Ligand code: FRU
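Single chain ahead, by itself, as structure tokens, in the form predicted on its own.
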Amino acid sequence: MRKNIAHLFFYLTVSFCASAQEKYDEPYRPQFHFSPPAHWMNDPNGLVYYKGNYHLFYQYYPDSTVWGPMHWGHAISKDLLHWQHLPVALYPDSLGLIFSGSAVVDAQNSSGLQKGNEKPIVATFTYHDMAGEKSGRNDFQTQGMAYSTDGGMHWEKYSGNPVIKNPGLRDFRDPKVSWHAASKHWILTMAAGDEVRFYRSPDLKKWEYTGSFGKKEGSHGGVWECPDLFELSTAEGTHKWVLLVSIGNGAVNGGSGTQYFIGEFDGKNFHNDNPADTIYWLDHGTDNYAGVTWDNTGKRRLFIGWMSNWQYAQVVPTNPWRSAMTLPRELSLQKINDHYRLITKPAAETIGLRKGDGAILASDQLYPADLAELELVFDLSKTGKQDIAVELVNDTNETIRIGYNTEKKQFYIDRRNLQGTAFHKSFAALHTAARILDKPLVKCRIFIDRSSVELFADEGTVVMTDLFFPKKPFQKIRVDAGNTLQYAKQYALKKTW
């Protein structure tokens, strides 16, 4: 009987999702970014690739458009662009709500959980005991485990949960697991208040604490969250370790943001190459938070983030859903001015969004605007404007400007000229990012969806992601660059729902 009920629930959920996907046309609904059919979503979780499917789990509350008891929502994709919604993967239980975490393919069956031909996929996540928190305890967050033996479609909680107990820390969460080949151990990186803690395990069940990092490093404008640790190499073959750490408040342009550190990892501890007060930001916009990378993708390091900000995430004017994910991105490493920096570019799959060969744009002309990708090259050696930009406009005189200030040497996104921003005092703002490269040509790729813009500037050295909510859709686009414009091309983009 229970099995029949489960199958019925699965059918009804998938049917609802399919129906919802057909109607993905509400005001502000992203047309080529992932968003849930309905209700609240935040952090991406459990990113894992297995047998042709990219799995995206995410923090989800299926009963409201504001944050509530957390579940893991679930979707899969063959190309990182077209997503199939699946039933909720993990539900709260007696140990607590299901907060953020990660998933790995246990290719060698180190956990001993394999039951058939499929390799086990093991998820590690934070249990959040609301009753314990309300009672004033500090140990209300622990780490749990679940596993799938059918390629990630169905999940079973581990009978030995929690696998990591709380040592008495109030913020103790967001485990990110990966395989460390050199030490032949699983490594777990997690947030603990104002630092990151590291654990290791031979079997994903028994974890040993090995060290911590960060109490006096980087930005501490808010509690540290959602860390990710991985190795990258430069084109010249130099290997470095990258540690991502998100902070809920105090980011470079306000509210939530993600910083990164570059250094060495010996299987137990991370050592920062840069001075403790050096702060590198993954994205200088205000709407890329809690992002992490996929497991089991070979040499590619693929990333996706929650496209929102805790300042206003629960009050943005969307319905019946709240929140979307960024475009998938590929991360790489490059040495610039004697320092290693993280490079962020749209995943190669995004080329598949384009319709046709695109259209060449001239400066200071109005063109139809819809879902679009822009490729732009500005020549700073030409005398011309101090402020060069792409401007989106509508017939109510609202604008969004995405540009570069030649005097201040800053990229920017300006959303101050929007009318519908009363939902939060900080939304109408100018966001800036200092240029890193010193070259005469400024190259940009810009992606425009119904309520978001993503700027990838100077070969991925500067990235900005911002939401916008105009009273009316932007109908026109203009390149405001004078004779500094060397090249501009606009591609119309396909809807992915």
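Each residue number is its position in the shown sequence, starting from 1. Everything numeric here is computed off the predicted structure, so don't read it as measured data.
Although it is not shown, the form predicted together with the ligand is what the next lines describe.
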Indicate whether the ligand has at least one heavy atom within 4.5 Å of a heavy atom of M70 in the predicted bound form. yes
Counting only non-hydrogen atoms and a 4.5 angstroms cut-off, does S100 reach the ligand in the predicted bound form? yes
Heavy atoms within 4.5 Å of the ligand in the predicted bound form: does F140 have any? no
Is N42 a contact residue for the ligand in the predicted bound form, using a 4.5 Å heavy atom cut-off? yes
Testing 332-340, 385-393, 182-190, 168-176 against the ligand in the predicted bound form with a 4.5 Å heavy atom criterion leaves exactly one stretch, namely 168-176
Residue (of W310, F230, Y158, Y280) lying close to the ligand in the predicted bound form, criterion heavy atoms within 4.5 Å: W310
Among the candidates V196, A251, C226, L327, the residue which, in the predicted bound form, approaches the ligand to within 4.5 Å (heavy atoms): C226
Are there residues in 274-289 with a heavy atom within 4.5 Å of the ligand in the predicted bound form, and which are they, in order? Y289
